[in-house]
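The data below hold one chain only, encoded as structure tokens and taken in the form predicted alone.
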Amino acid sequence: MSLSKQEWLALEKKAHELRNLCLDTTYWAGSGHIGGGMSSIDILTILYHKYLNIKKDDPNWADRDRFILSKGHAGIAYAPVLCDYGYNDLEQLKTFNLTNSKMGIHLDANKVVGVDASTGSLGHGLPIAAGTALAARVLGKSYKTYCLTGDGELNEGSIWEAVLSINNFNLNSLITFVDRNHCMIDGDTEEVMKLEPLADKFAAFGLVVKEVDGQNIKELCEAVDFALASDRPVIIIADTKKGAGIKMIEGDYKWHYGAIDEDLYNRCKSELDEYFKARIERVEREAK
């Protein structure tokens, strides 16, 4: 389905709000995985505000689409999405990762409404998503499963075992994203453990690969539309920037996890406003 200018602008506005909430949550917590949180915001935005077939008043609806955050440390971005959507009280974000909070640094499906699987140990989410998609087939359900992995997470062998299963069982109801922000906790992915040629690797495992600008909502939506129409499993490699929207941390692996004080917080807020302005200008140039 084509993305209208009005819808694109609305998604940009929501993504801007969620980037700010991610920053707010990092500030309230004192620190967090802000780099990988910011790089994944656009993917989370289109899923929760365009594609996921879910119900605000019934988060456990049996026929809902499933979303698995395989890169569970991006909970600092996922928690704001779930609270903003209405599944959880926004006030809970002020206690994120603090003692006795329901909002732990890796979101617990037994404590946070809307979380389909507890993740955090890398490499677990995609195998869970594959099982969820296979369960839909066995049960005769039509729901879709979406999974978001990180590129550093692709070092885990269980990811590639899951990809083998996704291909073997032709799980085309599962749509997988790779947040390809090129950084992991201790360096550039290509310096720590080379991934390229990444698209060729996934293709060799039998998946259909789409490579897009992961900070371009229009391209992301086009990729999801393609995947929904495909009779084969699709993986979307979303080329992103660590810390997207905040110039001072963009592309810096040292901001895989970081602390935000008041001065830094105010500077980040200003940079997010500038980023949003530039994104709206792109919509005005490119929207039909």
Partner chain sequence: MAGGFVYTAVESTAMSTAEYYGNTLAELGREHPEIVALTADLANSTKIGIFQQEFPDRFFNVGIAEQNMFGVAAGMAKAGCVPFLSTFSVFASLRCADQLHTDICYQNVNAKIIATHAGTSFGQAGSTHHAIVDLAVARSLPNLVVICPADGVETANAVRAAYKLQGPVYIRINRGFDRVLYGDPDYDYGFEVGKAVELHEGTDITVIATGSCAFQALQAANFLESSDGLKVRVLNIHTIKPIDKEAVLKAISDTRRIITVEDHSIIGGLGSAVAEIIAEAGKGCGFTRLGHEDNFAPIGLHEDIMSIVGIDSNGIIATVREVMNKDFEQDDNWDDEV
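Quantities reported herein were computed from a predicted structural model and do not represent experimental measurements. Residue numbers count along the first chain shown, from 1.
Keep in mind the form predicted together with its partner chain is missing from the figure; the text below concerns it.
Novice: Does residue 212 reach its partner chain in the predicted bound form if we count a contact as any heavy atom within 4.5 Å?
Specialist: Residue-level check for residue 212: no, no contact with its partner chain.
Novice: Quick one: does residue 155 come within 4.5 Å of its partner chain in the predicted bound form, counting heavy atoms only?
Specialist: Close contact exists here: in the predicted bound form, residue 155 approaches its partner chain to within 4.5 Å, heavy atoms only.
Novice: Closest heavy atom of residue 195 to its partner chain in the predicted bound form, within 4.5 Å or not?
Specialist: No, no contact at 4.5 Å.
Novice: Closest heavy atom of residue 217 to its partner chain in the predicted bound form, within 4.5 Å or not?
Specialist: Taking the distances in the predicted bound form, the answer for residue 217 is no, it never comes within 4.5 Å of its partner chain.
Novice: So which of 164, 204, 98, 139 gets a non-hydrogen atom within 4.5 Å of its partner chain in the predicted bound form?
Specialist: Flagged contact: 98.
Novice: Name the residue from 89, 186, 190, 200 that puts a heavy atom within 4.5 Å of its partner chain in the predicted bound form.
Specialist: None of the others qualify; the residue that does is 186.
Novice: Using a 4.5 Å heavy atom cut-off, which stretch among 81-89, 167-175, 112-120, 139-147 contacts its partner chain in the predicted bound form?
Specialist: This holds for exactly one stretch, 112-120.
Novice: Just to make sure I understand: among 124-138, which residues lie within 4.5 Å of its partner chain in the predicted bound form, judging by heavy atoms?
Specialist: Heavy-atom contacts within 4.5 Å come from 124 alone.
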